[in-house]
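One chain comes next, on its own, written out as structure tokens in the form predicted on its own.
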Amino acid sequence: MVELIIPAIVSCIVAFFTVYATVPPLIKFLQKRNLTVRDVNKKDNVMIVRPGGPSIIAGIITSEIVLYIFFETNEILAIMITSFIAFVIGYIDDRKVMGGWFKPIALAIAATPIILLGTYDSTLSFPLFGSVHIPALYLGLVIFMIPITGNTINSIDVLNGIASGFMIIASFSLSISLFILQNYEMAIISLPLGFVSLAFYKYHKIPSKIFPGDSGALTLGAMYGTIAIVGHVEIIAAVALLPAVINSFLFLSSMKKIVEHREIKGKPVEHTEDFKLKATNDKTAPITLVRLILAGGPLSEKQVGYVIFKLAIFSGLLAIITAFMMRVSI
């Protein structure tokens, strides 16, 4: 356990300061090239640069390389390769709007390094009830999980600071759960995700200076999903991600098909005269978590963010409790 302290500290410092130091020059670079989008939840015509994905992937790759020097495991390689492929997929979508099926199919391909490197276990563990060995079905789970986690984080990236803030809570909950299960090496390997998210949140929180874009959100989600698979904590990871999963489910069930957010005509949220957010009455608009939160009445963007973070903390605590339950059943 003691020998894990140095790689943990070094990798977390590298993860945090790589993102923290590279975002300001990235913002200037994007501004010079006019790579901006309007912040639709601001009263004035506020333009925000995107994507922040390059800084996020830089933080992930550099910190995981540090860990690979110490551990030299295929699990770290799987995390780096899958996260990088997800970044490329997202960056393509940032620069050119692709069809609704592009990201799910491409992210399914991004999951193949996990299989090729043999970093998965066909046994799925449940709290209290033990484990189930499902060799064939588990391969399907691997292929589906990365598109689900990637698009889930991408779909909740609708307000300033939500995607990065939500990922801080979910990823640290997952790391704590891995420590509880005494999977110390994987817990250390998972920590950089939280610190990358924390550093990016500094620039992404209200008022945002930069948006993660698809490249940033998909990278965060794909790394989270990969950690869940290679760390054998799939159920715990799903519990921690529950509010975002519900948001995706509501969106898909109301739209009846996979569709790009930018292709949707009806918007789930409108603005009051003082520019608070309120739920729309447009029947063509998708149902989302934010729309449900606003069903009780208009709220400011910051207030909606606090509600989502409270839900994330609650789910994170449930995930940690689930880890304790799984620990008892081992």
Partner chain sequence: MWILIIVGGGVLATIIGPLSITGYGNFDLLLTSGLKAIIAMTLVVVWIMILSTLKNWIFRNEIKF
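Everything quoted here is computed from the prediction, not taken from an experiment. Numbering follows the first chain given and starts at 1.
Heads up, the form predicted together with its partner chain isn't pictured, but that's what we're talking about next.
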property	result
Triplet 43, 47 and 164 all within 4.5 Å of its partner chain in the predicted complex via a heavy atom	no
Proximity of residue 325 to its partner chain in the predicted complex, heavy atoms at 4.5 Å	yes
Partner contact for residue 30 in the predicted complex: its partner chain, 4.5 angstroms, heavy atom	no
Exercise: residue 210 in contact with its partner chain in the predicted complex, heavy atom 4.5 Å	no
Its partner chain contact in the predicted complex: residue 230, any heavy atom under 4.5 Å	no
Per-stretch contact check against its partner chain in the predicted complex, the hit in 179 to 187, 112 to 120, 245 to 253, 194 to 202 (non-hydrogen atom, 4.5 angstroms)	245 to 253
Its partner chain: the contacting residue among 279, 61, 299, 26 in the predicted complex [heavy atom, 4.5 Å]	279
Heavy atom within 4.5 Å of its partner chain in the predicted complex - qualifying residues of 291 to 309	291, 292, 295
